[in-house]
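Encoded as structure tokens, the following chain is the form predicted alone, with no partner shown.
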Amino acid sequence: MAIAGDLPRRRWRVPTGALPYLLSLPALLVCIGILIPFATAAWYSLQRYRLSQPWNRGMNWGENYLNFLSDPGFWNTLQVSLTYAFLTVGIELVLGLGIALLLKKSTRLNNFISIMLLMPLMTAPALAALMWKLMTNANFGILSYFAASIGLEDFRWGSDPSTALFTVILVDVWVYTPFIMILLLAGLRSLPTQPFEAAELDGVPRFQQFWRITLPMLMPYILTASLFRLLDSIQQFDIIYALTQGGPGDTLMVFQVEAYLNFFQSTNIGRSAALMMILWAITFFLSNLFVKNWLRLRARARGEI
């Protein structure tokens, strides 16, 4: 006679056909969480919507976008955003690649140096900007002291329109160069050694090895690092806002800062949302451009084209 406690327990199993849908559920939830704010911003961008004038809210069907065409402030924002993004990414690529080449050989010293160089990346960008704001203070900042010691008296740093862009780029380069360095260092150390050994046997100079072997093989890593940094730089907010709040004047009025000021100071929700939609369109175009080039390089490496 069987005892009830000895009966085998039935285990609940997920039907095989439902398993793919169950595994994709988290991605679907994240996608929904992204699309809801995106659709809300797109809807607000087509409205005449100010928090200070709730009675005047209504659809203007693209008037916010049309106003940008005749707005010098918008074109200044576009120019500043693109200039800032391309300058920071270009400088960080050159520095990151140079440091990665110096640390290419895997030794204890090089590994220790690479870990130490990652320290700025561990600092919150807004906090890094505040640190640099203190260091560039005209009264007690150490960088202002060093500038004065080499003859740059009363160097204004972020408070002068002629040097403000230089200052925020300096902070961005300090924070994010380690990101590009570590990506390119991983790429360099993963490259096959056979082409370099053959080049050494043939007596190919080091510069030619870098230009004809290292750089082409490293290009997918360079494009990947450039894409991540470019999309982040063109959406920069925390460093610029913490350091200069978009000033002096509109010298550093990038998209994110202008949208923030339009929302919280001018309470112009429609214009702020329209700025964000234009920024999304720019990032979408740039990301597609980079991905297409990356796929083309991968196909060439595989001999498919």
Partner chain sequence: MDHATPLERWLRGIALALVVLFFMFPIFWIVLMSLQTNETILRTPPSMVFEPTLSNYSAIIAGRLDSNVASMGIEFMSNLKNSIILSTFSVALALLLGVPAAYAFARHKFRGSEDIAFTLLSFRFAPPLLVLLPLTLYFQQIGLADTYVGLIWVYQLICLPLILWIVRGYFEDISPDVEHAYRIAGHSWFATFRRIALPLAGPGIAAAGLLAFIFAWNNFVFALVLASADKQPVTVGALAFVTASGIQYGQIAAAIVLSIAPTLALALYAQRYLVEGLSLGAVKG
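Positions refer to the first chain, counted from 1. Just so you know, these numbers come straight off a predicted model, no measurement behind them.
Heads up, the form predicted in complex with its partner chain isn't pictured, but that's what we're talking about next.
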| Since exactly one of V94, L101, L215, L152 fits, which has a heavy atom within 4.5 Å of its partner chain in the predicted bound form? | L101
| Between the options L78, M219, L121, A199, which residue brings a heavy atom to within 4.5 Å of its partner chain in the predicted bound form? | L121
| query | For the chain shown here without its partner, which stretch in 153-161, 80-88, 166-174, 67-75 has non-hydrogen atoms within 4.5 angstroms of its partner chain in the predicted bound form? | reply | 166-174
| request: Determine whether any heavy atom of E63 comes within 4.5 Å of a heavy atom of its partner chain in the predicted bound form, and answer yes or no. | output: no
| Does its partner chain come within 4.5 Å of any heavy atom of T40 in the predicted bound form? | yes
| message | Under a 4.5 Å heavy atom criterion, is T251 part of the interface with its partner chain in the predicted bound form? | response | no
| task | Report whether the minimum heavy atom distance between W55 and its partner chain in the predicted bound form is within 4.5 Å. | result | no
| task | Taking only heavy atoms into account, state which residues of 123-140 are within 4.5 Å of its partner chain in the predicted bound form, ordered by sequence. | result | T123, A124, P125, A126, L127, L130, M131, W132, L134, M135, N137, N139, F140
| message | So the CA-CA distance for N293 and F179 moves by at least 3 angstroms in the predicted bound form. Closer or farther than here? | response | closer
| task | Mind checking the CA-CA distance of A225 and V30 in the predicted bound form? It differs by 3 Å or more from this form, so is it closer or farther? | result | farther
